[in-house]
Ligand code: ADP
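This document opens with one chain alone, in structure tokens, the form predicted on its own.
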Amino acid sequence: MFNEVLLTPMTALKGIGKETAQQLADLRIETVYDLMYTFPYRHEDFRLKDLTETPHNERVTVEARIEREASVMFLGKGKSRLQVHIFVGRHLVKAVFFNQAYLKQKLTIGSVVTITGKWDQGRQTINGTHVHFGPKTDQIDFEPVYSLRGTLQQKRFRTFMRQALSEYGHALVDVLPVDARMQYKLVDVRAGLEGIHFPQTAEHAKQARRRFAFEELFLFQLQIQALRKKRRDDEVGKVMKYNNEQLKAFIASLPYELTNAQKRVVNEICRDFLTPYRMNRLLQGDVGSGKTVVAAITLYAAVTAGYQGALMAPTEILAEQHVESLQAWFAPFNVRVALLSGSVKGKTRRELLAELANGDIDILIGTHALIQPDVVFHNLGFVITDEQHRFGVEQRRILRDKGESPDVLFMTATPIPRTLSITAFGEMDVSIIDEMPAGRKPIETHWVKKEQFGAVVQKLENELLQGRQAYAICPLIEESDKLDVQNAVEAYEQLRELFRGRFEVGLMHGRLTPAEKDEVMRDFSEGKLHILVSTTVVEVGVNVPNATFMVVYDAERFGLAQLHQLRGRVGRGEHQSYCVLMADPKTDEGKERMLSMTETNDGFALAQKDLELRGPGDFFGKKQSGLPEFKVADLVHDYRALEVARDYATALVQTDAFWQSDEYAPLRQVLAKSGVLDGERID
């Protein structure tokens, strides 16, 4: 169990009065436990290095002998520059110290000093930050650096940390079970804290970091898996006995052969139907991978079992596209598909709701209109939410609650790296369509500079003359003084002028009402508009097979995942499609993003690259519920530890010993504190 001794207030430590205690409280450090688990963000490395092997501008610590008398230049206003020639081994170099003129008297010719600073290879100079008078034997190799504020100094904070570990280290309780520490070769909590705060060697620091990275990932996964188990145990699901022969006949009637990935995912969902647990599954599939077909097949399975199905889409036009596809596929199978959106009103809506309530409608497809209070199903058994991230948690819950524990499938066209999928959607089963349908032509992607706009317009015109359509994507709606980027209104005016009298240009952005967006998108879908200038509102859920060309202005301002989603709006028909990225990136990362886009059409590969370049905090564009901020663990580099922690946590919560044995009491205490045992989602 957690030792309450660790809740001793910080004022119990020597040297901490009321003022210092308040400074620490501002850092969320109020107890000895808080202090011990405030980790340094880096360590100063004071190990001796060879200058011949030290790269330019890297921090270095050397032992040196003073060769000449130090000289001081006073720069005015109390500022100074001290320079001294030193021998480091057989190399004569200079050491420079700013505003430390007093060192001149101590740096005597022939004496030995230890100097730390930044190595300027070109000037053969060490810009010194620390100097120790004498050889290095009495100095430490690593010194922790903490994120502090105000007048709180690093040296004083380290003193508090040493005191806490010395006086209260005996009270630490290791939450990691002994078998986990042995199996994964992890140091115990006391050794880990000593190593992360005051490592004796680089290996000591590495093993301490490894231990706490695993601990963070494991405790988070333990909460996820315990929550999943509790929900399964508490919720009464249903076994959905679908007609397999009818399902096979429907699949055989489809106009094309399923990919192996589609077959695998259909089998995973159908297996869920046959279990007594409520399905809670995420379906990931790249743009154009065939998620809609999977949705149709599994909805039909539910219908053959005597249940109704529902599919909620984020926009009216996407809902209409789903209805059009499903009605065509289900025409020979006596399955009634209906559309419910904000445009369905009056008598038509009342009649539709009556038919839904008495079971005459088998599958209802719609927008947010599906979650209105007067929408009542006869026997809802299967719910699909398309582009699930476009709906709030409460909206998804309302739709689910319109049935008696219906099975739930969330679909997304946003490829999510495995580590983020395990973390953000850890309580869900995940299915992935990682294969594209046969015969689909890869989109040709080109990166051009802004001065090549004329050539881009020529290529755009060539596509339009062949009867095709095009997108022009901009990062902003209107002109901004802060960002020198192309904006949608300006691009719209420019393209409209260029093609006046020949081709129609439309404008769509986030400030339009939903009805206005639908009208513009419908005009584009029906071919009334030849070019659609838009912000990223077209990123999801638009299917215009005749659109074969896209130009993205200021493409360096988009992440890889977003660029890939945008690119997926073309290449949806039989004709070769093109995506042109106009960008002048100023950073190596920006250039790497552009090159990555031209090298692959694989959304999952790009998503992983995006994660590596931008980090998990920026991947979703905004803070994703369920994506924690770890102190030590790194979701990019610690992906193997995450998978091991997930597997260990999953197995552990299934054992009786975990819920009953005293050995696991500290872990059960963690669960109780997090609210998981009450069935609440952790954030």
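Numbering starts at 1 and follows the sequence shown. Keep in mind that this is a model prediction, so the values were computed, not measured.
One more form of this protein, predicted in complex with the ligand, exists but is not displayed; see below.
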Check: the ligand placed by superposing the site C-alphas onto its pose in the predicted complex: is the shown form open or blocked, blocked being 3 or more ligand atoms within 2.4 Å of backbone or C-beta?
Finding: open
Check: Using heavy atoms and a 4.5 Å limit, would one call Val375 a contact residue for the ligand in the predicted complex?
Finding: no
Next item on the list: Find out whether any non-hydrogen atom of Glu592 is located within 4.5 angstroms of the ligand in the predicted complex, and reply yes or no.
Entry: no
Item checked: Touches the ligand in the predicted complex: Thr259 (any heavy atom, 4.5 Å) -> yes
Note to self: So in the predicted complex, is the ligand close enough to Arg557 to count as touching (4.5 Å, heavy atoms)?
What the structure shows: no
Checklist line | Options 520-528, 250-258, 297-305, 143-151; stretch whose heavy atom lies within 4.5 Å of the ligand in the predicted complex | finding: 250-258
Check: Out of Gln223, Thr385, Ser289, Ser534, which one falls within 4.5 Å of the ligand in the predicted complex, going by heavy atoms?
Finding: Ser289
Next item on the list: Find the only residue in Met582, Leu282, Ala338, Val293 having a heavy atom within 4.5 Å of the ligand in the predicted complex.
Entry: Val293
